[in-house]
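Let's start with one chain on its own, the form predicted on its own, as structure tokens.
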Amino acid sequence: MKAYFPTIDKIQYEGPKSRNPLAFKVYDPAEKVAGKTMREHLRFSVAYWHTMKGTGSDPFGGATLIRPWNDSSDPLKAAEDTMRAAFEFFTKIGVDFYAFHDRDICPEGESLQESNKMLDRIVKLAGKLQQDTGVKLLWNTSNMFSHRRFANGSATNPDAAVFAYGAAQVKKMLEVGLELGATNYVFWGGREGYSTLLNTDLKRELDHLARFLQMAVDYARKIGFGAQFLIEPKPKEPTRHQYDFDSATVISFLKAYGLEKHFKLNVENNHATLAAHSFHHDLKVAAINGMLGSVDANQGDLLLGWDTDQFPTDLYSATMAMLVILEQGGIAPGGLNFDAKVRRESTDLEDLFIAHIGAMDTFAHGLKVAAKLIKDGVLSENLKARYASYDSGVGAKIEDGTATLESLEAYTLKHGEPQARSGRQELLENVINQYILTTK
């Protein structure tokens, strides 16, 4: 079999003193942290669309990343070459999972029938490579945003024929997920939103979106596909307003339509910051509602106003993310999927490995720091002390529902002005920095 990365061996852990750019400095898959190995905690996944299909193009310029697996004039041959290159990459970088859209792994045909026939061929190859390597499918999804038919979305499209086409595409991908043993299935709206309310029936479109999702739930149950369904929040781009704006919006939507038992969230860092939230915030909102299912691990550029999908290198953000994940008992059956792309100037194949190595080391360090913070109790002790007034007395009555406006007025008249209490924000921020800097 042709090797697409012949000069690169399987990436190994060499420790923090290593100067080898093609080695892990922190991520040791066998190292135990908080009772499980790093590999078990982190469940790393490669995003097929960026890593294998990314070209480096942007709104101002064409492709800069020329890949040897895309050089065939036969689109199906190129798709097969890409799949083989992908599994070589997965095994050499040492991840257990990958994720894809239907149109990532296979070109679209002239009809749905032709597209499905070609997809079957590539899925068969993917299944064989999964069996050969042990790499699993974290999640699959359907691309209902690239083709011109989806200019106004799919599930929220004003044309019922487009709704039907998208539904047929999802039906096929649910079958693919079942065949390949996907542990999750993601719904990313893409263009499920609007640019102006002047031509949008907002209530009707939301009703249609809920109906679309319910049909997917029903069909998955019918065929015995038990993967966790996920929705990925995103606030904008390409539409002016996306219906899946952020974690809180998606959770409210699911509860409004009675779908909350069937879905969790796939939270992306860059999408959270586009919604003017921190990654930590959107993860926490999902987690406290019992709906944090998986993570798209990347970061954005706060100086730019679009989804830059950079590989994560922010140790603070990774630490906060791992705090949430550890506190909820882990991320399985989800994982940390690197929905990230190398920069258009990073044209060497080696750059794909370096980018993933840095991201994996970043989250490995975040895991170690978060585990130590939890073990030492420095944050939990502060929270307990800050909210101690609700553990007894008038606070306990507020929480158990026995307090009334009258009783709280009487309490205030008796006790007078509350004492000012410090939030100790700077102290806690310094503690986080101390742990990040000193944890080994």
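Source: prediction; values computed, not measured. Residue numbers here begin at 1 and follow the sequence given.
Below: the form predicted together with D-xylulose (XUL), not depicted.
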Worksheet entry | Site check 139, 188 and 307: each within 4.5 Å of D-xylulose (XUL) in the model of the complex by heavy atom | yes
Practice prompt. Would you mind picking the one in 80, 102, 232, 205 that has a heavy atom within 4.5 Å of D-xylulose (XUL) in the model of the complex?
Written response: 232
Discussion item. Only one of these stretches, 151-159, 349-357, 176-184, 266-274, has heavy atoms within 4.5 Å of D-xylulose (XUL) in the model of the complex; which one is it?
Written reply: 266-274
Item to complete: Examine residue 339 and determine whether its closest non-hydrogen atom to D-xylulose (XUL) in the model of the complex is within 4.5 angstroms.
Response: yes
Practice prompt. Tell me, yes or no, whether residue 49 is in contact with D-xylulose (XUL) in the model of the complex, where a contact means a heavy atom of each within 4.5 Å.
Written response: yes
Discussion item. In the model of the complex, is there a heavy atom of D-xylulose (XUL) that lies within 4.5 Å of any heavy atom of residue 296, even though the partner is absent here?
Written reply: yes
